[in-house]
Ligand SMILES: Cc1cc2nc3c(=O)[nH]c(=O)nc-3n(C[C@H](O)[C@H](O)[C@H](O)COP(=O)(O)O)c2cc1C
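Take a look at this single chain, the form predicted on its own, given in structure tokens.
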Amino acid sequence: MELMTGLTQRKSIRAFKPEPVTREVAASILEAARWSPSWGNTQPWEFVVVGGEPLKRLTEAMAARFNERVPPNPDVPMPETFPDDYRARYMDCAAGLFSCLGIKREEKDRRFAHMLHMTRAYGAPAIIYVTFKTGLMVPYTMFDLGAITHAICLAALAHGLGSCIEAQLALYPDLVRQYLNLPDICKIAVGIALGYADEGAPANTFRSSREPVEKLVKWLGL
């Protein structure tokens, strides 16, 4: 895959085929992504790759808790407010996705069902959890984790796989640690749903928009 093509074609995949992701493919993805930059080459990331029955047990436990409306307690706090223009983009993204799914604004039960499906990683056959150690909750660590998370998604695309970066998979980190046998010092940043895209699924026809370069960049001396 040509790099510029990957950068412009990557998108969130929200419906997957049941075909499993092999350990060899997942390892190849992480082998490439590990060359991502980090502050002072600290490489503050670690990963847990889960599939098969362990994935099913974990996602069912998370979905059950979410279905019971248990308040989430993520290790990385979720944003609570955004300036109006940022919030508008967030709302437009949700509206566009639900439109592709044929879910109307007033259909709260169907919206909640979609969130449950998200908690089950959209049926992906694998999840890559991006983790970090206690004491590293600093802006540069989050910056570095974002860089390698994007690299994982690009490497997945190069292998013909789809991915979706999900904060939803990190809402209950105590369950993640319990089911994946991780120590308390292991903090959960995000989970990346990983698998082969179901190209015919309505959810995968959606792609969020981006602001034009002219609106984002101030040019000086060029």
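Fair warning: this is a prediction, and the values are worked out from it, not measured in the lab. Counting begins at 1, following the sequence as shown.
What comes next is about the form predicted together with the named molecule, which is not displayed.
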Consider residue 36 of the chain shown here, and say whether it contacts the named molecule in the predicted bound form, taking contact as heavy atoms within 4.5 Å.
no
Residue 156: touches the named molecule in the predicted bound form, heavy atom cutoff 4.5 angstroms
no
Is residue 23 a contact residue for the named molecule in the predicted bound form, using a 4.5 Å heavy atom cut-off?
no
Does any heavy atom of residue 49 come within 4.5 Å of a heavy atom of the named molecule in the predicted bound form?
no
One stretch from 61-69, 37-45, 174-182, 160-168 that, in the predicted bound form, holds residues within 4.5 Å of the named molecule by heavy atom:
160-168
Which one, 101, 130, 151, 118, lies within 4.5 Å of the named molecule in the predicted bound form by heavy atoms?
118
Counting any non-hydrogen atom inside 4.5 Å, which residue from 186, 190, 30, 197 sits next to the named molecule in the predicted bound form?
190
Using the arrangement in the predicted bound form, list in sequence order the residues of 2-16 with any heavy atom within 4.5 angstroms of the named molecule.
10, 11, 12, 14
